[in-house]
Ligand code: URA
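We begin with a single chain expressed as structure tokens, specifically the form predicted alone.
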Amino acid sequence: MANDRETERLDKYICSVTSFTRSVLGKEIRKRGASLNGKQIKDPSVKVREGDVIEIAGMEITVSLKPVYLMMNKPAGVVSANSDDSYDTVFSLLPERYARCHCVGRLDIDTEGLLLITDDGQWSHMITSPAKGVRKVYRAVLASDFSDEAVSRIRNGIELRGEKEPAFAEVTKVGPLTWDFAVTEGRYHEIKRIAAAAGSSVTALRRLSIGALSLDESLAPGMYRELDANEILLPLANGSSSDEDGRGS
């Protein structure tokens, strides 16, 4: 996981937490200047440190160079991306200071639940790499229940259209038309495709956990919080990964 950075260029940091582009920001600083800890500066290459206070274009920015690890309860109706031409994104629910971050994998626009957000590329890769096999658990509401034969096919490997290898999942019924899927592969729309191949369809889908990290159920849809030091390690605890990539599950 990433180490805390000690310093970073002023212009690079401001661009990472605002909508400024590097070229526009450089012109702004050279023409109108900025304030760093109360001192006027016109050099965009000045180094900033943890806790420094920048004032520019009417904004006050407190510098934080520590890696960011967030848990969000993703709501339906937003896409897991930094920007999108057609839909609102999860980043529209976050303060601009998190603009430098990215989603750790993706959930489909209509899929809810646990979404991790970070600026630590190494941590993100360890969670999403198919080679790591990080276990993810989803709760699906189905249009019709699985038969015993369908459950057996899913557990033993079910053929998916367009795939050379069967998909495997551990499925457990937890309520009327409600099933938990535990998967460790990274296939496109995996849960929905498994359900379809087994003769049903998904009407609602929610991710409950990644590795040993479970969604904080006190978070309302669209809300988020930082992970503590112990929680940062939990997604890697079982060694494992399924990621619903593309537009997600």
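When you see a residue number, it is the position in the sequence shown, counting from 1. Remember, it's a predicted structure, so these values are computed and weren't measured experimentally.
One more form of this protein, predicted together with the named molecule, exists but is not displayed; see below.
Checked against the named molecule in the model of the complex, the candidates V134, V104, L107, V90 yield a single residue with a heavy atom inside 4.5 Å, and that residue is L107. Looking at 163-171, 92-100, 108-116, 125-133, the stretch with residues near the named molecule in the model of the complex, meaning non-hydrogen atoms within 4.5 angstroms, turns out to be 108-116. The shortest heavy atom separation between A34 and the named molecule in the model of the complex exceeds 4.5 Å.
Although the partner is absent from this view, W179 stays clear of the named molecule in the model of the complex, with no non-hydrogen atom inside 4.5 angstroms. The named molecule in the model of the complex comes within 4.5 Å of a heavy atom belonging to I191. Residue contact with the named molecule in the model of the complex: L205 places a heavy atom within 4.5 Å of it. If you take 122-155 and check each residue for a heavy atom within 4.5 Å of the named molecule in the model of the complex, you get just Y138.
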